[in-house]
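Take a look at this single chain in structure tokens; it is the form predicted on its own.
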Amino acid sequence: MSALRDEIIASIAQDGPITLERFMSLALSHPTLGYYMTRDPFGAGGDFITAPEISQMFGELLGLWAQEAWRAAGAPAPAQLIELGPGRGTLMSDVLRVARITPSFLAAMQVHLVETSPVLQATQRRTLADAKASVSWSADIASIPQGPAILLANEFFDALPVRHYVKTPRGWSERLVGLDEAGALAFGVGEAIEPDLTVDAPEGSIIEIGAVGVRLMSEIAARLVAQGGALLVVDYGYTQTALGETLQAVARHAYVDPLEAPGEADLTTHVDFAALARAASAAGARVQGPVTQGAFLERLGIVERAEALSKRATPAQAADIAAALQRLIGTDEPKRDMGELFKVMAVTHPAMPDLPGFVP
């Protein structure tokens, strides 16, 4: 039992069922009880591990990619270097460290982290205390100064709330979170029919729509078209919009019931890259990819980087490097290896050339 669960149950008992989008928003971002507002969930001691925590190689290569994207944009100065959902700050720390090889890039960049969690902001400040750059924090992209920008979004879009619609005999109705006969949280289906959903599907089918992510992508793409720059999205997801739902909850590295303890588990869905690409294209931006994370990192030279690090490592360190490499680009264990499950997509100003990682 969680305090947030009790609060949601009381609210539903008084006002009626809520959308899944609202439930996810409360579970993750409630000001005092939300999952990301109350803890640092990353790493072996948390609930899950992200690529920057697996190996410095990931952040280093994304840092080199950011420099190349900046050059392709005409090397504007000043420019904004923005990370969405920066976790512990590990990725940005690696990006800024490798940026030292290009002093002009580092001098041009104003670094902004988009983070709403005070707990994670504090962790990021500690991680970046010695960074050779001025770093500022924002609650949203709209408050970041205008101008050309390079944006990084690693495992960001998967944590944005989604809506579910269920095919009923009368049409598509929204899936809601309500209460069962025992007063516990339970999924149900609303009575209203969504007239704009006309997908032909068998009764009982579910379609997942990430309206929050699509709106955000539209805003970012419009900014890039007007002011220049590029966005790099790295996340787990699928390349073609399809029926089905992917909601999952993770606590202490294990899957749990999404409704069991809101605020105590991470809630995510697989990213619909096709929907994000459509939103970006509609805003006039150029879309490159998506490609698999394995292919992207291999094209950037992660295998060669691992070999170089291993030459200077102890046998134990070399084994750790090999294990990290397998985790980042491998496909042998689909539930653990990230090479195939994770996809990478770039959204850029329409005049930007092909960028590294997207060309064989």
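On a predicted model such as this, the values are computed, not experimentally measured, just so you know. Just count from 1 along the sequence shown to find any residue number.
Keep in mind the form predicted together with ligand SAH is missing from the figure; the text below concerns it.
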Considering ligand SAH in the predicted bound form, find the one stretch among 246 to 254, 224 to 232, 171 to 179, 82 to 90 with heavy atoms no farther than 4.5 Å from it. 82 to 90
Site check 237, 269 and 337: each within 4.5 Å of ligand SAH in the predicted bound form by heavy atom: no
With heavy atoms only and a cut-off of 4.5 Å, decide whether residue 241 touches ligand SAH in the predicted bound form. no
For residue 105, is any heavy atom within 4.5 Å of ligand SAH in the predicted bound form, or not? no
With heavy atoms only and a cut-off of 4.5 Å, decide whether residue 120 touches ligand SAH in the predicted bound form. yes
4.5 Å heavy atom contact, residue 56 to ligand SAH in the predicted bound form: no
As a check of understanding, the residue in 115, 94, 208, 264 with any heavy atom within 4.5 Å of ligand SAH in the predicted bound form should be identified as 115
In this chain shown alone, the residue from 192, 139, 184, 199 with a heavy atom within 4.5 Å of ligand SAH in the predicted bound form is 139
Going through 145 to 164, which residues have a heavy atom within 4.5 Å of ligand SAH in the predicted bound form? Please give them in sequence order. 154, 155, 156, 159, 160
